[in-house]
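In structure tokens, one chain follows: the form predicted on its own.
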Amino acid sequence: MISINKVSKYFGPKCAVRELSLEIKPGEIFAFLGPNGAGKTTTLKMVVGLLRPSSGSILVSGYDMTDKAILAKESLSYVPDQPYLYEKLTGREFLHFIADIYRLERDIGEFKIQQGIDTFDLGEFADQLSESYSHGMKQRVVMAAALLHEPRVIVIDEPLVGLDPKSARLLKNILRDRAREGACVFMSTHTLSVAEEIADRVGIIDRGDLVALGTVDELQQRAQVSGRLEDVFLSITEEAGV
């Protein structure tokens, strides 16, 4: 579903991602971990087509993100770490805007919009201008928008930032459900407990290099640590010289 083949990204002389190869399969939740500046967000932005790789290739749903970006993007949704809404649109108007972008038929769009409003408990403020929303409210609207067209690939940068415990639990359940239905989820997070709880596999990136890859159990064995993912992460990144 996502195929990253020997991808590198340079910003001038600085290498942000180096020769990264990674496969994320349908039905898999993959957590991308790393310290600040490790290359996580750069990788996600290349996967969704916001940045072009300096070398290598990225396929999403079988389409090359460089040559067939529109076809690739039709199957995915991207939620950045800072949710962005048009401040002079209401939440409902923003959801209609996204439904139009994905060319949903009117009846289907109306149904999906109301479903998103109900699922994320947006009813109280769906018709208020988004300039009045808190960070958590914006995050909920953006998540509802991201799921409107039932994407087969979901890319999320720091999914739980700003969410209250109820909304965080809801989102984790939704991601599990989407994965069970065959979608692949690629998420970057500093919340290691979330990765430990819902991820099928974990990748750890350090200064542009993928330094560890596997299930939590496999990473525990590699690090010879029997504790939580936080202990495994610290052991591996210290070994890598962070």
Partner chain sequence: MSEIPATGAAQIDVTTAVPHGLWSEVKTLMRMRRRSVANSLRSLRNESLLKLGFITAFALAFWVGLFAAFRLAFFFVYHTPGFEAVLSAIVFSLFFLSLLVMLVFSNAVLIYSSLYRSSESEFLLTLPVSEEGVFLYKYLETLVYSSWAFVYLGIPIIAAFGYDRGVSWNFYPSAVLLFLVFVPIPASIGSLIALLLVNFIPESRLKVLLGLGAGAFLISVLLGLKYVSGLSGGGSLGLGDISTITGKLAFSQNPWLPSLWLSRGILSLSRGQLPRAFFYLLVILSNSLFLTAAATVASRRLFWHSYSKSRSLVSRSIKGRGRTLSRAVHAVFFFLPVEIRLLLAKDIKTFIREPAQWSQVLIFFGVLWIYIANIRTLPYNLESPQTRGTISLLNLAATSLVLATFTGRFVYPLFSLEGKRFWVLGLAPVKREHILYGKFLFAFVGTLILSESLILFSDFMLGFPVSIYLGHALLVVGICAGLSAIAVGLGACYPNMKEDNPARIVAGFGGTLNLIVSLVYIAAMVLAIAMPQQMAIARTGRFTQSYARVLSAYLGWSILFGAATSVFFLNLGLSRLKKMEF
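Just so it is clear, the structure is predicted and the values come from calculations on it, not from any experiment. Positions refer to the first chain, counted from 1.
One more form of this protein, predicted together with its partner chain, exists but is not displayed; see below.
Visitor: Tell me which stretch of 194-202, 28-36, 213-221, 65-73 has a heavy atom within 4.5 angstroms of its partner chain in the predicted complex.
Guide: Checking each option against the 4.5 Å cut-off leaves 65-73.
Visitor: Establish, in the predicted complex, whether 93, 100 and 131 all lie within 4.5 Å of its partner chain, using non-hydrogen atoms for the distance.
Guide: The answer is yes: all three residues contact the partner (heavy atom, 4.5 Å cut-off).
Visitor: Is there any non-hydrogen atom of residue 190 lying within 4.5 Å of its partner chain in the predicted complex?
Guide: The answer is no: residue 190 has no heavy atom within 4.5 Å of its partner chain.
Visitor: How about residue 56 - does it come within 4.5 Å of its partner chain in the predicted complex, if we only consider non-hydrogen atoms?
Guide: Contact check for residue 56: no, nothing within 4.5 Å of its partner chain in the predicted complex.
Visitor: Report whether the minimum heavy atom distance between residue 160 and its partner chain in the predicted complex is within 4.5 Å.
Guide: Close contact is absent here: in the predicted complex, residue 160 is far from its partner chain, nothing within 4.5 Å, heavy atoms only.
Visitor: Just to confirm, residue 49 within 4.5 Å of its partner chain in the predicted complex by heavy atoms?
Guide: Looking in the predicted complex, residue contacts with its partner chain include residue 49, since a heavy atom lies within 4.5 Å.
Visitor: Do any residues of 151-176 have a non-hydrogen atom within 4.5 angstroms of its partner chain in the predicted complex? If so, which ones, in sequence order?
Guide: In sequence order, 152, 166, 167, 170, 173, 174 come within 4.5 Å of the partner.
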